[in-house]
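Below, in structure tokens: the form predicted on its own, a single chain.
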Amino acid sequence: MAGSSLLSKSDRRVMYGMVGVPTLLHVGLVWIPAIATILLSFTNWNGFRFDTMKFVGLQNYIQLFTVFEKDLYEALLNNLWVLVFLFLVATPMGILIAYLLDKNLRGTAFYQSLFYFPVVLSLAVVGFIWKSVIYSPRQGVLNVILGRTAEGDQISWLGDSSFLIPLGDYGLSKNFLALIAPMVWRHVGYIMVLYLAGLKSVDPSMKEAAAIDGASEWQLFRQVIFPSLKPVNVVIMVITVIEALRIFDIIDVLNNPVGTDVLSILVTESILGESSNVGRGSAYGVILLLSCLLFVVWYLRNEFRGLEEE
């Protein structure tokens, strides 16, 4: 009949369920907590009784940039260090390994499994592995190789908070670099898998044409393969930024050594610490949220600009 719905009542219920349930979950688990975090950042509250909550305006933000200035800037810089190492070390290594494995070398399946193995582990587990196997002062691999296992001659890889790269009152501490290493180790496998999948979709005729034109291996990758993998490059960039900003578990399970604070650690310590202040923790959370939004806005702006130019 004209004007009658093409969907039966059962179909409509299924459709509403498929659309409504994810929407409710997204709103309940993402938007409501985000809005609540923003609102709570303007309060002073210990997180227990609602009648103790007080509106303090911008006081928490003022304190972050004055009283807790060193904590905030150190955490921001540490998040930036993670981003730099994931971009400049892990990503190129993952791309190189993927490019080599795409050549169908002998034992490719074994190497793929070997490099991907850290990805299936949580960063907490990765942290425990590196702490016990690599960084242990008495029997860790690094101290054994360097011959520094004797009592009094051991190197405390996670305990040395002196700056390796000083930047005034801040910098890259040695123990934070030790924490970045397992993050890089895990991220390499992630990049490798994404690039391997992308390389399989590259048109072989493009490679053959470039080879006939006399292109070298580097020219082939830079001028043919890399540009054709733009969607994969975008995904990698987004994942890398998210990984750098949300880093928490590996630092937390290693008991948060001195000089290794990041924004997520400050959020947790402010809310669950001895002097619990949900408002201050929420203010740290808002700064973390804004850091993510700045990247998202920049990314969307460039994407829409590219579409307009096309």
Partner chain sequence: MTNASYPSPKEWDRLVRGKNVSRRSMLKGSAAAGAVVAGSSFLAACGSDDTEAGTEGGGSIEPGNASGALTIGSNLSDDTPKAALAAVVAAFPNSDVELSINTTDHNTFQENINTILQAGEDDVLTWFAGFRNKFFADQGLLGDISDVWSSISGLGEGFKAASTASDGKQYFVPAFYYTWAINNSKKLWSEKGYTEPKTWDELLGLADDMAAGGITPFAMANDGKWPQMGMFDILNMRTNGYDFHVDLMGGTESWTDDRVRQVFTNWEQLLPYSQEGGNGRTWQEAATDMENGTVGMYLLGTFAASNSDAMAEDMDFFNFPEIDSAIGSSALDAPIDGYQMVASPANAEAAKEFLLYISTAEAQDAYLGVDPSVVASNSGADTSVYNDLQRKSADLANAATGIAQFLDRDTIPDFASACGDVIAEFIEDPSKIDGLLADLDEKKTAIFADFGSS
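Residue numbers count along the first chain shown, from 1. In this text the structure is predicted, and so the values were computed from the model without any measurement.
There is another form of this protein, the form predicted together with the partner chain, and it is not shown here; the text below is about that form.
**Student:** Look at the stretches 85 to 93, 224 to 232, 150 to 158, 187 to 195 and give the one with heavy atoms within 4.5 Å of the partner chain in the model of the complex.
**Tutor:** In the other structure, the partner sits against 150 to 158.
**Student:** Residue-level question: is H26 within 4.5 Å of the partner chain in the model of the complex, judged on heavy atoms?
**Tutor:** No.
**Student:** Just to confirm, Y61 within 4.5 Å of the partner chain in the model of the complex by heavy atoms?
**Tutor:** Y61: no contact with the partner chain in the model of the complex.
**Student:** With the cut-off set at 4.5 Å between non-hydrogen atoms, does S136 touch the partner chain in the model of the complex?
**Tutor:** Answer yes; at least one heavy atom of S136 falls within 4.5 Å of the partner chain in the model of the complex.
**Student:** Given that the partner chain is not shown alongside this chain, does F68 nevertheless sit within 4.5 Å of it in the model of the complex, heavy atom to heavy atom?
**Tutor:** Judged by the heavy-atom cut-off of 4.5 Å, F68 is in contact with the partner chain in the model of the complex.
**Student:** Of 243 to 263, which residues get within 4.5 Å of the partner chain in the model of the complex if you count heavy atoms?
**Tutor:** Counting only heavy atoms within 4.5 Å of the partner chain in the model of the complex, the contacting residues of 243 to 263 are D252, L254, N255, N256, P257, V258.
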